[in-house]
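Here we start with a single chain on its own, the form predicted on its own, put down as structure tokens.
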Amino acid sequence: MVDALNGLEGVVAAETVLSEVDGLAGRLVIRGRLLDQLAGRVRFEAVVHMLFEGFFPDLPGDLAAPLGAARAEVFAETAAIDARLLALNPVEAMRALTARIADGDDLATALRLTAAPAVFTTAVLRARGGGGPLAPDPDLSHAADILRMLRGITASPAETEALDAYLVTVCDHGLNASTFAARVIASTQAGLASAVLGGISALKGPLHGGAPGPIIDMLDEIGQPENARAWLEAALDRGDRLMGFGHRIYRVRDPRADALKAAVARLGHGAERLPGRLAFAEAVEAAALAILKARKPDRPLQTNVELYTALLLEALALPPAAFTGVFAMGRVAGWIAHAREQAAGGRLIRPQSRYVGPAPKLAA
């Protein structure tokens, strides 16, 4: 009898050329390049090109203009925003608008889907705030246009670079829950839109992409560095999980935490409040790591991507309710690349389960 592995722990379900997550070394490789060679060094469009290369025969050398055109194209779907849609959580509203994009497997569909979380999340946020959605500017970079569509004004170069660093950092991360969901759907030949919708649905869960938002609540409740230890100890005494610490794969510090901390530090040079907020977060981080080491010495609970994700997105004036949608803005490129890779293999993903229910009653 084959042993059942709950959560598929340790099971290799796919071979991929896209990314490698080395949990023991604390290393993330994306298409042969270490994360620190990409985050803060290249634009999101360049990493999308890296991920898409080999999966679309008509892939141009530069995706900036085609992705800008795709943003302008999908903006038409924001006309469907109404009161019922705005009553939804922002990520659910973004998912509903994304569902209006037709399925397909070509580059044009891939670019529309890459543009969708950016255009729809910002449109929903503006509509919830009482403003109207702003049409994209195809001549801007993807990160710069996201911030302009959200705020209505041009972002500073430092802010654009910070968002670019975030989108690059989260673009792909092995066979995580949302990427696996996208690959399962792609294996049925359902199409890229279906795969992306599956990825969004998995991402919104609080154990995956829904995690960074509560970190802002945690920091606000702690208030001052001297309150950190007591607040964190009380949370653990209640059995709460400390958001921002521990990861299913990494047994050392999550390399994405360092990439985003560096992005926050670079952004903080021109911000009045951020240096103090960063120092406060560092104090909370140090207290949490010390407490976790003392309480759970046998478990490697280090800082993960969530802590500095929350700090960076907060510094860019993005509300916590939007954090999962912004995560999708970066991860969508990885979902699409994995979906194309899975479809190229042509194998339906169909694991087995072991029945542990009651035995049927047999007639005498």
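None of these values were measured; they are calculated from a predicted model. So that there is no doubt, residue numbering starts at 1 and follows the sequence shown.
The form predicted in complex with acetyl coenzyme *A is left out here; the points below concern that form.
In the predicted bound form, at least one heavy atom of Lys296 sits within 4.5 Å of acetyl coenzyme *A. Using a 4.5 angstroms threshold between heavy atoms, Ala127 stays clear of acetyl coenzyme *A in the predicted bound form. In the predicted bound form, none of the heavy atoms of Leu316 sits within 4.5 Å of a heavy atom of acetyl coenzyme *A. Although the partner is absent here, Leu35 lies well away from acetyl coenzyme *A in the predicted bound form, with no heavy atom inside 4.5 Å.
Across the options 334-342, 303-311, 37-45, 52-60, residues that bring heavy atoms within 4.5 Å of acetyl coenzyme *A in the predicted bound form belong to 303-311. In the predicted bound form, every residue of the candidate spot (His208, Leu292 and Phe327) has a heavy atom lying within 4.5 Å of acetyl coenzyme *A. A single residue from the set Ala228, Leu111, Ile81, Leu242 has any heavy atom within 4.5 angstroms of acetyl coenzyme *A in the predicted bound form; that residue is Leu242.
Between acetyl coenzyme *A and the residues Gly198, Gly174, Pro133, Gly246, the one pair within 4.5 Å by heavy atoms in the predicted bound form involves Gly246.
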